[in-house]
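To begin, one chain is listed below as structure tokens, in the form predicted on its own.
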């Protein structure tokens, strides 16, 4: 059923702020085929203005087939990691039928910047940039130490399972790309052995981090891909070149070095992880992103999607191939 968010928000404002509360402003920030993000504010007599974020699912969700979590699971994850000290947007409300908005939750708005290219190049972040990689390591140690909330019902995966899943997706396209073929073969042969699995963010990268120009990492966003797995998966993903935004010389998010990331992780209580293991997951991350880019191009080429965004992202397959050649030549 279609939902008019702007029509429903005034009632939500009263629920959150009291009978006299009013909606002071609302703006849709982003949204794809299945998810929307709205910024809105609530004002009530005698109370400070509350700036809030609504994340809402706008398409049917099947937990059995989807790789993403439900928004209720996201809310549980945010509450769980916040209790361990990890920076996440403070949870305000999980919507129910009375709100008339479908599946969604509300968090407090956190000040900062999420655009990766600005974070790696804007002079406003010059002072804080040198400590971001260490902070990321510290934050990941806090996340990985968090017991997974049972109500989130998270899936478990490991290196070979992820590799097999993306190879199956790649084979379904009928594509024959030599670098990707070589990478699948190499990573099967050099897969790191399994380790004790932990709670993972699943999409920990520059672009999903709210960075404040004075304090650094202010919040970790977008928990929909959280799952249980190898802690090196999260550390490797932020090192994928596609998330460095034009700064290949700084492997961690375009702003730091491996040593700083791993030092922060260990200092915050994370078990030592060899750089070789992080690099293996980085290689798998580049390969996964290459397959995803290929799928986006195919969706446009076959007419399933008409947006020009799909082929624009699709052409980045060649970028991931260059990354993989460099990684394989350097050795894992």
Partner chain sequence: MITHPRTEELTEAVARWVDSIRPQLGPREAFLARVAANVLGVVGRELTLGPAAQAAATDRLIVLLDHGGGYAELNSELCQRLREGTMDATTPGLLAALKANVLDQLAIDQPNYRHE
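Numbering follows the first chain given and starts at 1. C-alpha atoms forming the largest set that superposes within 1.5 Å between two forms make up the rigid core. This is a predicted model, so every value here is computed, not measured.
Note that the form predicted together with its partner chain isn't included here; everything after this is about it.
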Find out whether any non-hydrogen atom of residue 67 is located within 4.5 angstroms of its partner chain in the predicted complex, and reply yes or no.
-> no
Mark residue 276 yes when one of its heavy atoms lies within 4.5 Å of a heavy atom of its partner chain in the predicted complex, and no otherwise.
-> no
Spell out, yes or no, whether the shortest heavy atom distance between residue 49 and its partner chain in the predicted complex is within 4.5 Å.
-> no
According to a 4.5 angstroms non-hydrogen atom cut-off, is residue 130 in contact with its partner chain in the predicted complex?
-> no
Looking at 217 to 225, 90 to 98, 177 to 185, 194 to 202, which lies within 4.5 angstroms of its partner chain in the predicted complex, counting heavy atoms?
-> 177 to 185
With the partner omitted here, the residue among 134, 244, 105, 144 that in the predicted complex has a heavy atom within 4.5 Å of its partner chain is 244
For 297 to 318: residues with a non-hydrogen atom within 4.5 angstroms of its partner chain in the predicted complex?
-> 307, 308, 309, 312, 315, 316, 318
Residue 16 C-alpha relocation of at least 2 Å between this form and the one not shown, rigid core basis = no
Residue 271 C-alpha shift between this form and the one not shown of 2 Å or more, rigid core reference = no
Residue 51: CA shift of at least 2 Å between this form and the one not shown after core fit?
-> no
